[in-house]
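So this first bit is one chain, no partners, the form predicted alone, shown in structure tokens.
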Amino acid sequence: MPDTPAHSEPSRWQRIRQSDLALSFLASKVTVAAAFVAVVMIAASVGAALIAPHNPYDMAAIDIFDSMLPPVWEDGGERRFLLGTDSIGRDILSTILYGSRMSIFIGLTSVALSLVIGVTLGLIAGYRGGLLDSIIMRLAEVQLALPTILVALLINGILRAVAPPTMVNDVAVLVLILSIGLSNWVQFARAVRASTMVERGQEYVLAVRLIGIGPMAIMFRHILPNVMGPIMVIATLNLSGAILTEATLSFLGVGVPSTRPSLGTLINVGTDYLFSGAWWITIFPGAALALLVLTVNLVGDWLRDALNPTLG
């Protein structure tokens, strides 16, 4: 008899598509739509230099006579400025694309900073325990007692005071990243500490400890991969919070300068003209910010439910 052909093993892409996480994602139409919108907005902001109709940073190409033009569907609007222009003649659509890129960049880098600090401290506190654990957790509790925006404002003020006056605008983005990153590490630390305290008693940790593996290798090579679920959820949810915090700081005038606008800066600039009839200067950037935060939050909520076996 001829040999029966063996079934070929599924490819990596097939295994991904058939995984519980992928099936849960595809089953949620709201999550799929939110992820699609978020990806499109992020891709558009990354490619702003290629798809934006105008360059809002090129002051030589900006004409002051084009200022305060309404959207194209309003009387007086022009086709080359679909969403109108601001007070100095910059195209609103182009400033939204470039501003979204700045907001997303600050959000991602500040979350990455929070993740590194929080995960490191959480692993150390959960694995070591004792006095070191108590010190780290007391610091976390003190920071939790204060609103995130106040902590960010405090750190922002300190960093701006330390920076030379002539370099304040040059280091504004770095100051924002440090301010937001240093104010959001607590959630990572608490979640990782709790998971690490569970994992450190598992047999695989005891086994690698017996063969002489050092504590740092145990924490980062063996325990960390097993606590990535909470980290992914917190990072996704913190991204929207970081973008909102950046927008708040920029709206208050202590964020990105108007020469390199973010969405918060654009909203701040537009509020001066909101009640004079030029509503588009602040409404469109505000709508872009709300849509970006909403879609990222929806994806984060789905990821939290999908990775938490106690829910659903």
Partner chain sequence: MIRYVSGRLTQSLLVMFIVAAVAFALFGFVGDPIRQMITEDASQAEIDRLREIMGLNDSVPVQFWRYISGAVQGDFGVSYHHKRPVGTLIAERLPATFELAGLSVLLSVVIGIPLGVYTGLHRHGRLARGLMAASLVGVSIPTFLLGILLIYLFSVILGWLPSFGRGETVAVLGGFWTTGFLTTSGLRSLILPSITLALFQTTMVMRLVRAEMLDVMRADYIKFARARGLGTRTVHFRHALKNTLMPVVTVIGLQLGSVIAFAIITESVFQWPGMGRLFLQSIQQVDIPVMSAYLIMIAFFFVVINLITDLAYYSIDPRLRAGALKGNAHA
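Numbering follows the first chain given and starts at 1. Everything quoted here is computed from the prediction, not taken from an experiment.
Another form, the form predicted together with the partner chain, is not on view; read the next lines as being about it.
Visitor: Counting any non-hydrogen atom inside 4.5 Å, which residue from 216, 211, 131, 162 sits next to the partner chain in the predicted bound form?
Guide: By the 4.5 Å criterion, the partner-contacting residue is 162.
Visitor: Does residue 149 make contact with the partner chain in the predicted bound form, using a 4.5 Å heavy atom cut-off?
Guide: Residue-level check for residue 149: yes, a contact with the partner chain.
Visitor: Check residue 303 for me: does it contact the partner chain in the predicted bound form (non-hydrogen atoms, 4.5 angstroms)?
Guide: Residue-level check for residue 303: no, no contact with the partner chain.
Visitor: Is there any non-hydrogen atom of residue 55 lying within 4.5 Å of the partner chain in the predicted bound form?
Guide: Looking in the predicted bound form, residue contacts with the partner chain do not include residue 55, since no heavy atom lies within 4.5 Å.
Visitor: Residue 294 near the partner chain in the predicted bound form, any heavy atom under 4.5 Å?
Guide: Residue 294: contacts the partner chain in the predicted bound form.
Visitor: I need the one stretch from 178-186, 98-106, 116-124, 150-158 whose residues put non-hydrogen atoms within 4.5 angstroms of the partner chain in the predicted bound form.
Guide: Comparing against the partner chain in the predicted bound form, the contact stretch is 150-158.
Visitor: Looking at the partner chain in the predicted bound form, which residues in 225-257 have at least one heavy atom within 4.5 Å of it?
Guide: Those in contact are 244, 247, 248, 251, 252, 253, 254.
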